[in-house]
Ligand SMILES: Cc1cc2nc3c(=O)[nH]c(=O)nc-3n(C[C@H](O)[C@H](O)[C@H](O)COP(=O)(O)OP(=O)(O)OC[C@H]3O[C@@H](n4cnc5c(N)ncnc54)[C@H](O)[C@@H]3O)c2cc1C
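One chain comes next, on its own, written out as structure tokens in the form predicted on its own.
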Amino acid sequence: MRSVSGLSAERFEVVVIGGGLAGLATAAALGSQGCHPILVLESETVPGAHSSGKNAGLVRQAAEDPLTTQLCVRGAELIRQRQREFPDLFQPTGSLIFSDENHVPESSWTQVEHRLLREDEVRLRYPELQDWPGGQAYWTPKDGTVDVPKLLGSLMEQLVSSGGRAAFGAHAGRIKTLDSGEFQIEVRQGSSSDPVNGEVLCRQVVIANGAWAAEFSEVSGMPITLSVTNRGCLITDRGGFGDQSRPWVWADQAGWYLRQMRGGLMWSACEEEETSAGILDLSTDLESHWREKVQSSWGASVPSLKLLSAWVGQRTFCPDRRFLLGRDSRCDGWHWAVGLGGHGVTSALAVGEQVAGSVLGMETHKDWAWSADRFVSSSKSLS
């Protein structure tokens, strides 16, 4: 860890803007491949303070888009491999997903180990689903849950052990290009309104600051279009639910999910309200909306549940809802790791792998890369 004043005028091969899952996974992957020196700049005092740390920790491989599924399958595999070094990082609970072709296409399911469950098999696992109307139910045995703080910690450990650095409480500002082709990044100790405390230099930069990426990059003349949305999560007691270990459940059509936790249940009504970075408000009462949303499936199982805690997290999407990864053709040395939507936890290690490859000169899949077809944007270059 370094203070801003201790970094001033230092040169790095790569600077990663953002110390959440995508940023740390990219930095850790670069370090493990011998890319040095690396610096991560994170405006908060801890890693993953925003979207990365406010999610449900669900490892879900089957996504709405087959290309996203490809990354989620790889990401889940890397999480399971990491489990060998970091015990209790991943719990292979399996998942139970209620979906249809309108939500998850067959081209996604063909990439994921699964089988369809009969209605009686579903109710055997969750007899509390008193009013579930039935439908397509997919059992995915290699899905599960991940301890997000432990995952973030493992990435920090990997980064530091490979010689990389991270500066927390370091707010990255405008990025300029110098005649030498290097990037010069303004850094402030504290908020964006504080005076500039120093500047760091690098040959390549990775933008991985999630909900803040569009606003941040606009200032440096590299505009993109992103939408930021809010989603609520709640934890209740177990009520009449038993203590047995069971898969997490996601109902795509009805719009809710449930995860078993030690001493409680985690729920979401899958809100998707557009907002701005850091504004964590919903237009409806979180608890009331959740109870109304899940009542149609869980019936009498819900009213007795007591709310223990609740919060709102953010998810960020590109206009086509695919990730934005890798090299930007408008500026040599500029790379992206943003727009992961609701798949950031599952895909993070694979995203880091992909973006690290881009930094090291490998081509990014065209459907992940920046292009004028994907983004309504001016073609201004860095100044």
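Not measured: the values here are computed from a predicted model. When you see a residue number, it is the position in the sequence shown, counting from 1.
Although not depicted, the form predicted together with the named molecule is the subject of the following passage.
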> Among 63 to 71, 335 to 343, 27 to 35, 352 to 360, which stretch has residues whose heavy atoms lie within 4.5 Å of the named molecule in the model of the complex?
Replying inline: 335 to 343
> So in the model of the complex, are E44, A170 and G313 all sitting within 4.5 Å of the named molecule, heavy atoms only?
Replying inline: yes
> Does V206 make contact with the named molecule in the model of the complex, using a 4.5 Å heavy atom cut-off?
Replying inline: no
> Taking heavy atoms and a 4.5 Å cut-off, does F98 contact the named molecule in the model of the complex?
Replying inline: no
> Does the 4.5 Å heavy atom contact test between K54 and the named molecule in the model of the complex come out positive?
Replying inline: yes
>> Can you tell me whether R231 touches the named molecule? I mean in the model of the complex, with a 4.5 angstroms heavy atom cut-off.
In response: yes
>> Can you pick out, from W212, W298, W139, F90, the residue that has a heavy atom within 4.5 Å of the named molecule in the model of the complex?
In response: W212
> Judged by heavy atom distances of 4.5 Å or less, which residues of 248 to 268 approach the named molecule in the model of the complex?
Replying inline: Y257
